[in-house]
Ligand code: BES
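Taking the form predicted alone, here's one chain by itself in structure tokens.
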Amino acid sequence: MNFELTALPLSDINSDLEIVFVINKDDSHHFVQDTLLLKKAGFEAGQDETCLLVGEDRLYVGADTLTSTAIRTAAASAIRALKGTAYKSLKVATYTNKGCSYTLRAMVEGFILGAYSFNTYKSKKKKNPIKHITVSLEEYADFTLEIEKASEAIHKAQIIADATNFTRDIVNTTPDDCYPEVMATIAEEMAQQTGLHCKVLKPKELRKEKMQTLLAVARASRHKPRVIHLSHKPKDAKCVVTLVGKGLTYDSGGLSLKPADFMVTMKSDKSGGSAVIGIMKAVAEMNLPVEVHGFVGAVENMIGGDAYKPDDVLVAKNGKTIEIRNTDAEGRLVLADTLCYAQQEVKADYIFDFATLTGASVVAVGNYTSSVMGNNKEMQALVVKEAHNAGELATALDFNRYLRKTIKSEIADICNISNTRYGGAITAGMFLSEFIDEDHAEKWAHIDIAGPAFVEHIWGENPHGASGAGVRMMVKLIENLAADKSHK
């Protein structure tokens, strides 16, 4: 999908179709001549509601407000409505919130994210027909937007949306086609294309690094584990950010075998690691003046004669012993070692981990929201704020000393699962906190994306399947760190 920005008014642009956003059910600024046709069609201009006037070659879409969130989902709905049509190009005016370019950026993101489809395994592949979009600087409310700012907004939107779709592709790929070695290859190829440095640790190096909990989870799989380290190191970086992702390319539950229904969609257990790869892609392409490191623990959790077992005691990289009471609580074991390795390799100003860690997070906050935890409320608030600014939903879940008692072990330093079914997202986060060193304790936030990472229906700008959760929120956060003058 190509975008062209022009100062020409809409009336002078040749295109197959025009898209018109109707804001807060007010069409006074848009084609009064179509009012009767819209009424006949029953168009009420509700949020994300569309109406295609084929005879006029215009598509109307409703948006409740001019906020980025409303415009983004409306744009996604509009582009989806054109699937199956013969239109190949469209034109659209600029919509800004009192001249702010964020709404333009959100509109472009919405078009790209809404046009996404995963057709790899379809014998007949259908793609959105729109190939070219012309954006006019003609602003619906007569605000003036500088062409340089508009161009920058569109450019950033393309990078971020493309990185999100790149992440979606990795997550949606089946476990037989995307196992740890493949995930490492994807990262290496992306790094080569974007100028990132990529280091991949194989089992021999993992043993040398004493990453025994990660290796234990991987033991029963025919696919050997990998730890991926991507790095973006610009000159005069404002600060250092470390990202860590859970990359379970498939999770059977191990010997604590999942019920059959719960094994379906477990290809999505690599969503955290995939998000880290997608974030690094966007950071590199935007060339942000922040040093960013991405670490991914890529592992497959299977069953077999060599599987790790409930009642085992494993030793993590930082020397802490872990009593295993459930082999399906494996993601936190992979993250424990990967977090330790990441902190050993990089002394960061901020450290964030992403994981589809617990079903308990989905129970707590629903399918569409990420849970944010950590030792520092300011860090939690920072993630929640930038998630909302980027169009993702997130909320903070607080640690407390009473739940910490539930992961104590009588025979080891800590147990890999709580002794209560309640507060499981929080106890998993508190488990991870045991593997954050003193230097990073106040700089760390854990982001459980189990809810939004993979949903089996369309919602907002997101398709059936992988959403790319985490990418937009973290790129937005790193963008703001890059612009923060208080950093060195």
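All residue numbers refer to positions in the sequence shown, first residue = 1. Everything numeric in this text was worked out from a predicted model, so none of it was measured.
From this point on, the text means the form predicted in complex with the named molecule, which you will not see here.
The contact residue chosen from E392, D337, E109, D251 relative to the named molecule in the model of the complex is D251, the criterion being a non-hydrogen atom within 4.5 angstroms. Interface residue among A450, A63, I426, L59 relative to the named molecule in the model of the complex, by the heavy atom within 4.5 Å criterion: A450. The shortest heavy atom separation between G359 and the named molecule in the model of the complex is within 4.5 Å. By the criterion of a heavy atom within 4.5 Å, D269 is counted among the residues contacting the named molecule in the model of the complex.
Taking the partner from elsewhere, I417 is found to have a heavy atom lying within 4.5 Å of the named molecule in the model of the complex. The named molecule in the model of the complex is not approached by R168, whose heavy atoms all lie more than 4.5 angstroms from it.
Per the 4.5 Å heavy atom criterion, the named molecule in the model of the complex is contacted by stretch 328-336, the sole one of 146-154, 328-336, 171-179, 128-136. For the stretch 244-259, the set of residues having any non-hydrogen atom within 4.5 angstroms of the named molecule in the model of the complex comprises K246, D251, K258, in sequence order.
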